[in-house]
Ligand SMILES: Nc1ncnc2c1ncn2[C@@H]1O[C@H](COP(=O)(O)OP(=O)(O)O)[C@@H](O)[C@H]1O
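Below you'll find only one chain, the form predicted on its own, shown as structure tokens.
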Amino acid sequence: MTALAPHSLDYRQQAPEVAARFERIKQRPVILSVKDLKKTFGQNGSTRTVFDGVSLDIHRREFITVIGPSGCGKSTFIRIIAGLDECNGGVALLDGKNIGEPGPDRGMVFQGYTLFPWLTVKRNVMFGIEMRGKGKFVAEAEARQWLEMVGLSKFEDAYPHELSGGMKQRVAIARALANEPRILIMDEPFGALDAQTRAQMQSYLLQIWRKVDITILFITHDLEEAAYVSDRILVMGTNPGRVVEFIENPIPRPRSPAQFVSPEYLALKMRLEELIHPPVEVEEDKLPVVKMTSAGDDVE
């Protein structure tokens, strides 16, 4: 794509290789189908609509991020997909089957570290495998394969409190993937990490995703993160929550930090900013004028 100034590049404009990639994605089976999903809280005339009319189709091995202002229902939406909450209308289908209670076909990674602190790293990953009825020796062998996948083989006998935040999340990802789910649901998984570790975890996640037959549904507040990791970005609005736009990411894969200054990235980031933070006229709050000192000059 010709390098243009950010303001002159339409965020929907795609390089030929990106357009071809999306055509290939559309040929894959739809793994998750959501139609007119609705969620309300309350009863007896005092209900509050969290979101209404949410519809989308996600294809196998897609990486989808969901962004939107606080209160738009992002976390509630994925809790319904995970089977942790019920909807009040519409339907959510995984592989054509209605989503009810939680199941091994959906893995979940939260922002908080949800590892069992009394178990070693290896035993944490083995837990779900053994719960599926596999014997100890098989579970141990599979757990080691997943730990090798996430680069933590040397820490299989460590306990969670001995790991850094990023390492804990890699164990959580390995534990979720060890159940061989159809879709991996991630709710702000890197939100508690420092900026450097977060960037490293984004890279790790993309490397893992390329090696595993998994579809990812990823919640984030970070627009840069959404632009870096996703195939498509679902932008939700609020009052009530709804789909504002479903954007095909124009940034070519494989991604690299250098693309954060590319015209495609800057145009996409500008569009996401417009959708999430639309310009509004806000009067500046002014404090009472109380001068406590006289320094001989004034600051602006």
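Because the structure is predicted, anything quoted here is derived from the model rather than measured. Note that residue numbering follows the sequence shown and begins at 1.
The same protein has a further form, the form predicted together with the ligand, not shown here; the description that follows concerns it.
In the predicted bound form, the ligand sits beyond 4.5 Å of every heavy atom of K168. When the ligand is considered in the predicted bound form, L32 lies well away from it, no heavy atom lying within 4.5 Å. Contact check for N88: every heavy atom lies farther than 4.5 Å from the ligand in the predicted bound form.
Using a 4.5 Å cutoff between non-hydrogen atoms, P69 counts as a contact of the ligand in the predicted bound form. Checking 122 to 130, 223 to 231, 73 to 81, 109 to 117 against the ligand in the predicted bound form, the stretch whose residues place heavy atoms within 4.5 Å of it is 73 to 81. The single contact residue among L268, I64, I247, V50, judged by any heavy atom lying within 4.5 Å of the ligand in the predicted bound form, is V50. Taking the ligand as it sits in the predicted bound form, the stretch 16 to 43 comes within 4.5 angstroms of it through a non-hydrogen atom at just one residue, F41.
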